[in-house]
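Only one chain is included here, represented as C-alpha cells and corresponding to the form predicted on its own.
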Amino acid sequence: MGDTANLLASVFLDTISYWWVIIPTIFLGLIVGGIPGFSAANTIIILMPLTLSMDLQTGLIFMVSLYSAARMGAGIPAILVNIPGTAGAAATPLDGYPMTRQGRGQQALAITFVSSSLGGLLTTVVALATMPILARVGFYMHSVEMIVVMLFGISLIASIAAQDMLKGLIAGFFGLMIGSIGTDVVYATPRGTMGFLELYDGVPLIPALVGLFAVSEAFIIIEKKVILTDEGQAAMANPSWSATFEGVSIALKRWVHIVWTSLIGLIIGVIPGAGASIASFVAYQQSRTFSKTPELYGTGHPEGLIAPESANNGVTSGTLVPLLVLGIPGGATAAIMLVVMQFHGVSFGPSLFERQPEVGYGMFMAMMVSYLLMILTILPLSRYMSRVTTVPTIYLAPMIISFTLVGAFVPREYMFDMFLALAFGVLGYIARRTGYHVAAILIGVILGPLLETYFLRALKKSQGDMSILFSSNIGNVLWVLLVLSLVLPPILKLKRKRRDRRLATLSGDYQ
C-alpha cells in the first residue's frame, strides 16, 4: 500500500512539472471545444505529426489535457449563445442558456467550470482506484443493456413533453425519423436519402447540431437588439466578481448532485461506443426525475446545468479505463491515443501499470492536474466571457452563422453539410416559432440510430425472439429503474398537488 502511494505521489509530482505543456493546451482545448465541428479528436489528428515527434509522456499529457479542456470548452458557447460545441454538450443549453438570457451568464459559467472540474477530478480518482472493476463493465453491457440505457436518454423527450405533451412527442418522434435516414444496418438499403449519396452514412451529427441550435438561434436573435431580456440587460449593466463567487457557491452547495451525476458519466464512459452525448442526456433526465422541483428545469435551474456538465466530464476518465486495461478505446479520442501509444511500443493490459507506471498512472494524473489547473486559470475568465452576451445581435448573428457553417464543413469536408446545417437551421427556426422543442428533435437524431443498431443486434442474436430484451439480470434491473423513473415523477407531482390543496384548505379554515 505504501509503495503504491509513493508511486502515485511521484507520478503526480512528475506530471505537475509539465505545467508548461498543460496550461497552453488547456486554452487550445477551450477554443477547440467551443467551435462546433472541431473536437479533441480531429484536432489531435491534425496535430498528429507534432504528437508523434514528442516523447511518449509529453505526447500523452498533451492529448489528455486537450481532451479534458475541449470537453469543458464545449459548454461555453452552449451557455452563452445556445450553441453546443459538441454533442456531449447538447443538454447544457436546456438550462444554461435561459440563465444567460436572464443576465446570469457569469453565474452559469462559474457553475459549469466548478461542476465540470469537480466531476472530472472525482471520476479520475474513482477510475484510478477501481480500474479492475470498471474494466468489466464493458463485458456486462451488451446489446440488451445498452437498449435500456438508450431509452433512459430518449425518455428525456417525455420530460420535455410534459410542458406540451403533443408537441413534445411530435418533436421527439420527428427526430427519430430523421435519425433513421441512411442505409439500414441489416441490408444496407437506403432509407429517406432522397438520392443524396452524402446521406447514405446517416444524417451527420454536427450539421444537425449546429443547424437546430446555432443557426436557428441566430435567426431568432436577429429580431432583437441583444440576446438578453430586459431584466438580463439590467443585471449585466454592472458586472462584478460577486456573480462569479455566487456561481461557485451554488455549485459547491450542490456537491452531492455533482458526485452522482459525474458517476453516471464515468460508468457510461467505460462502455466503448457510448459517449458523452448519452451520458449528458441520461444525467439530465435522472436529475430532473429525482428533483424536488422538476418544473424548474428548462427555466435556468442550476441543477439542470450541473447534471450534463458533470456527466460529460465524468466520461473523459471513463474512456481511459478500457483503453489502458483492455486495449479497447472508449471513444474517438481514445482511439487516437491508442495509435500514438502503439507507435511508441506500449503494450496494454494490467501489466502496463507494473512495467510502465508513468504511462498507465500518468494519463490519469495528467487528467487530474488538467482539471486542477483549469479551475484556477479558467474560472476568473467567466466575468469577461459573459460580456459576449451584450454584443448587438446585428454583429453576433452573422458571426454565429459563419463560424457554425465552417464547423459543419470540418468533420467530413462536404459542402453538402453546410447546406444541410442551413436546412436544419430553417427547421429549428420553424420549430421554435411554433412551440416545438429543438432539444427533443436532437435527442431523436442522436440516440435513434444507436437504439436501432443495438435493437437489431439483439434480435439477430436471438433470431427474432423479442424475449431477449428481458433475458439479462442487469437488463431487467435497468428496465425496473427505467419504469420507476417514468412513473415516479407524475406520482410525486400528484402528491405535491394534494398536499398543497390540503394546506390551502387548512389555511382557509384557520382564517
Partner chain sequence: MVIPVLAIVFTLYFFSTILNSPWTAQVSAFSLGSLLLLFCVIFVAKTVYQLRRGDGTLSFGNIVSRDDLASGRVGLFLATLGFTLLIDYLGFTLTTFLFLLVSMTILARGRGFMRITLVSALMALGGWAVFILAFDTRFPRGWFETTMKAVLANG
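Positions refer to the first chain, counted from 1. These figures come from a predicted structure and were not determined experimentally.
Below: the form predicted in complex with the partner chain, not depicted.
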### Message
At 4.5 Å between heavy atoms, is Leu121 in contact with the partner chain in the model of the complex?
### Response
no
### Message
Whether Ser143 contacts the partner chain in the model of the complex should be assessed with a 4.5 Å heavy atom distance threshold; does it?
### Response
no
### Contact label in the model of the complex: Ile35 to the partner chain, heavy atom within 4.5 Å
yes
### Message
Quick check on Asp230: any heavy atom within 4.5 Å of the partner chain in the model of the complex?
### Response
no
### Message
Within 4.5 Å, heavy atoms only, one stretch in 299 to 307, 245 to 253, 368 to 376, 173 to 181 touches the partner chain in the model of the complex. Which?
### Response
173 to 181
### Query
Any chance all of Val340, Ile474 and Val477 sit within 4.5 Å of the partner chain in the model of the complex, going by non-hydrogen atoms?
no
## Note on the structure
Assert contact residue (the partner chain, in the model of the complex, non-hydrogen atom within 4.5 Å, options Ile468, Met54, Leu28, Leu486) equals Leu28
### in the model of the complex, the one of Val359, Val137, Leu263, Ile220 near the partner chain [non-hydrogen atom within 4.5 angstroms]
Ile220
### Query
Within 439 to 459, which residues come within 4.5 Å of the partner chain in the model of the complex, counting heavy atoms only?
Glu452, Phe455, Leu456, Leu459
